[in-house]
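As structure tokens, one chain now follows by itself in the form predicted on its own.
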């Protein structure tokens, strides 16, 4: 059976006064039916740009999805949709939960009205039916008094409440695909857990597929079946959650895992971090983009870019240290 979503050779650039920023540089990614896939990496690695591209929210002249890119939803190329087909796709077949709900929600509209608007745009139900459904959706995402919350404006709600309103809007038309772009970043730890649990419950109930965008590998441990690790606009490692957590191949993934706080860590020791900064994507390096920050860097790493190579089933990595004969792989940490 074919994948629900398949991204091929995705390249996205942004044009600035300083030059062309190559934000995404040839990403291949797939999502199956009823599957949760995570895309993980530091800020600026291209995760959110990839997410926005899936909904065709990258707009010219500032942004540009390059020729040759393909985003296939059930076999149809999203990049070729006309306005009518795109309107049915956005919010109906594919929805998104943004990182900052206060910016994403309309401050001049009551919370319930924003859910009603999405329902009526895609299902054609009456205003009264949409109003009742909006209250029911707010109840399903955990509000104790959904009718009162539906009458409130976004600024009257807490951060966690606003994010639950965003989730209610996203699931209102039971989409086949949900993009969750850093949905827990602005929330405290206890609220993060509740939001992730809510996403899990709704995913099981609706059988939707989810693409979870995050910089925190700890967030995806209990929810994602497959993980893509991005760095400098490219996928550097992909595989099942077991592969990524227990058979880690790429030095960047190992460094990300080492940066996740653990209960067993001694309290007085400093938290490990990845030294250096990601490269400028106005002029990407000719070799491996992680070379200058990598403890395993070899001469070839600076000269030639490694290709994403499958090593075990669907576990792939783009690392010379893992693929060249005579290297033992691993050993960074």
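Residue numbers count along the first chain shown, from 1. On a predicted model such as this, the values are computed, not experimentally measured, just so you know.
Separately, the form predicted in complex with a small molecule exists; it is not shown, and the next lines address it.
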Checklist entry - Hey, in the predicted bound form, is residue 48 touching the small molecule, heavy atoms inside 4.5 Å? => result yes
Next on the checklist: At 4.5 Å between heavy atoms, is residue 43 in contact with the small molecule in the predicted bound form?
Outcome noted: yes
Checklist entry - Is residue 117 close enough to touch the small molecule in the predicted bound form, meaning at least one heavy atom pair within 4.5 Å? => result no
Next on the checklist: Please tell me whether any heavy atom belonging to residue 182 falls inside 4.5 Å of a heavy atom of the small molecule, as the geometry stands in the predicted bound form.
Outcome noted: yes
Next on the checklist: The chain here is shown without the small molecule. Which stretch in 301-309, 270-278, 66-74, 35-43 comes within 4.5 angstroms of it in the predicted bound form, by heavy atom distance?
Outcome noted: 35-43
